[in-house]
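Consider the single chain below, provided in structure tokens and representing the form predicted alone.
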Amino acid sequence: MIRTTDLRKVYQMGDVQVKALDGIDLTIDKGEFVGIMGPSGSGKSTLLHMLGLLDQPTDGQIWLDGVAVNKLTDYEKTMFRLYKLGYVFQDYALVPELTVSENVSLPAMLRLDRNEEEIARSTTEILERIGIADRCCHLQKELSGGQQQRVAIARAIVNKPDILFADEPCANLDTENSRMVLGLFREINDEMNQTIVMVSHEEWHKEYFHRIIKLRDGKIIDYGK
């Protein structure tokens, strides 16, 4: 499902080169719920951005679902993200002027293989699954932090992506809402066999993951069980 070889990312900071990723080799199988953990500055978010095609590695190879995504054109990467990948971020990234339903339906509207009826049905189904259908006509400002993250999760999976990437999705939530979000991820993982790769810095999140990949100084120090 996900494989990298000798993945590297170097940032040029004036005369200094900073190695954000320094030779990452990993494999993540279909249906795994994997946590990426490590201290601040270890390369967690950088790795997630590389895997999610949100940034370009300096060197190395990435395969997603058997496709060598490094070799895709910018347009092909955009289409790959739209049809194959989903994203959840810590700041929710909702459009404040749109209702819950409109936010969730956005990725489906961008696809060429969905008509209005299919989009409406998919949006309703996913809102019901996430447990927030009763807020479908509300704006972002009318939702709690936990509800906003539920909407972000619904939007991320409305297209039924092969891989769901989550970058510190609980960073702005209290413990109760964090457990709700993580429980929702486990439910999605169990019921839909959804592959999930999540960046986290909270030790207690470990109980939700199948496996933990630990980073330090841009290197994998523990591949997990």
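Note that residue numbering begins at 1 and tracks the sequence as displayed. Model, not experiment: these values are computed from the prediction.
From this point on, the text means the form predicted together with a small molecule, which you will not see here.
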{"property": "Residue contact check: residue 204 to the small molecule in the predicted bound form, 4.5 Å heavy atom", "result": "no"}
{"property": "The small molecule contact in the predicted bound form: residue 162, any heavy atom under 4.5 Å", "result": "no"}
{"property": "is_contact(residue 168, the small molecule) in the predicted bound form, heavy atom dist at most 4.5 Å", "result": "yes"}
{"property": "Residue 45, heavy atom within 4.5 angstroms of the small molecule in the predicted bound form", "result": "yes"}
{"property": "Heavy atom distance at most 4.5 Å to the small molecule in the predicted bound form, all of 11, 18 and 40", "result": "yes"}
{"property": "Segment that reaches the small molecule in the predicted bound form - one of 66-74, 32-40, 174-182, 154-162, heavy atoms within 4.5 Å", "result": "32-40"}
